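In structure tokens, one chain follows: the form predicted alone.
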Amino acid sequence: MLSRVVFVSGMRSRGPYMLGTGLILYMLSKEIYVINHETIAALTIGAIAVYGIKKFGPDVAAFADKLNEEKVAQFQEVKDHAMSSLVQAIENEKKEQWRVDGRSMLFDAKRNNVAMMLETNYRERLHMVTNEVKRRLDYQIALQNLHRRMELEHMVNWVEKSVISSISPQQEKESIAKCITDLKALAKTTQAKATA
């Protein structure tokens, strides 16, 4: 039983090599593959390739990795620049959308301003018309008052002339004498009240 475990565990590590070797020997023995000068050249080239890879492989790999990292860094820089420009474009678009949202409020405010200006203009014109009508009515009232005053003055002058022309010089003397006696009587009663 122990020999079987050793054989199976040994087969696991040697199996692929044995398969490869057996396959090559089979192909050579059945002349599926014929050894000629090309086979020796292929083996030489293969050996040189293996030697070159083992000797120069790490340096070439480091150089290739360096070139690859430089290209990746350039591509990453281009990508970062593109990403930053796209982020900026997104921010600008959001700002423009915000402005578009605010534009309706701006138009409403402008519409309200225009309505207020029209209302103010209407009220100013209404006030101007009211003042003009008041001024004209005041003029008509002043004109009517002037006519009445002129008529009154004319009537007073006419009555004075009529009264003066109807009074004779004798009546005038009698009227003045009566006024003087009335004044003397009034003065006596005032003196009597003042002394009492």
Partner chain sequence: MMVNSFSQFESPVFLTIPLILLALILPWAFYPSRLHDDSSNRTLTLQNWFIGRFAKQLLASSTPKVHLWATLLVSLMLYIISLNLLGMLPYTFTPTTQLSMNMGLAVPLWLATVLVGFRNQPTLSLAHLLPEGTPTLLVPLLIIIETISLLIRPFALGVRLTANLTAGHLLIQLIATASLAFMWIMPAIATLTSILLLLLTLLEIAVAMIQAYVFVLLLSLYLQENS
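For clarity, every value in this text was computed on a predicted model and none was experimentally measured. Numbering follows the first chain given and starts at 1.
Although it is not shown, the form predicted together with the partner chain is what the next lines describe.
The stretch from 151-159, 127-135, 64-72, 167-175 that comes within 4.5 Å of the partner chain in the predicted complex, counting heavy atoms only, is 64-72.
Although the partner is absent here, Tyr139 is not a contact residue: none of its heavy atoms lies within 4.5 angstroms of the partner chain in the predicted complex. The partner chain is not drawn, but in the predicted complex it has a heavy atom within 4.5 Å of Glu38. Contact check for Tyr26: no non-hydrogen atom falls within 4.5 Å of the partner chain in the predicted complex. At least one heavy atom of Thr44 is located within 4.5 Å of the partner chain in the predicted complex. Contact with the partner chain in the predicted complex, defined as a heavy atom within 4.5 Å, holds for exactly one of Leu146, Val50, Val163, Val34, namely Val34.
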